[in-house]
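The chain below stands alone, shown as structure tokens; this is the form predicted alone.
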Amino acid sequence: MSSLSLFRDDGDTRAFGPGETIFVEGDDGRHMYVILDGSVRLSVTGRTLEKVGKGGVFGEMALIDASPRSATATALAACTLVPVTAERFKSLVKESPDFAIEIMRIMAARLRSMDRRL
């Protein structure tokens, strides 16, 4: 299962141009995002942590722990994103255990990647 399959036909999308900021480290996090097209750079204090492409998700941590954004997200290329509210996120987790597992896998991979850098 891919996150993209749950959101492919979603009517609520947002477009960002190359170099456009999606959110900034320290912002309140009210949405996570699914990338329908394009790619996004996640960075902390200007240092690239990860590049996320089509079908990927980012911003999920803010929905899980209600803390400020831990990174800045910038469009690398023109992209189309589906914003997912905390309410919708909780509903998806309840309705689709595979979605919840996929989000946990993404978070685990990011944590392991950060551990390797330290």
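This is a predicted model, so every value here is computed, not measured. For every residue, the number given is its place in the sequence shown, counted from 1.
There is also a form predicted together with a further copy of the same chain; it is not shown, and the following applies to it.
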Counting only heavy atoms and a 4.5 Å cut-off, does a further copy of the same chain in the predicted complex sit next to every one of Ala15, Arg41 and Arg88? no
Taking a further copy of the same chain as it sits in the predicted complex, is Ile22 in contact with it (heavy atom to heavy atom, 4.5 Å or less)? no
Should Leu49 be classed as touching a further copy of the same chain in the predicted complex when contacts are defined as heavy atoms within 4.5 Å? yes
Distance check, Val57 to a further copy of the same chain in the predicted complex, heavy atom within 4.5 Å: no
Taking 4.5 angstroms as the cut-off for heavy atoms, does Pro68 touch a further copy of the same chain in the predicted complex? yes
Residues in 52-67 close to a further copy of the same chain in the predicted complex, defined by a heavy atom within 4.5 Å, in order: Met61, Ala62, Ile64, Asp65, Ser67
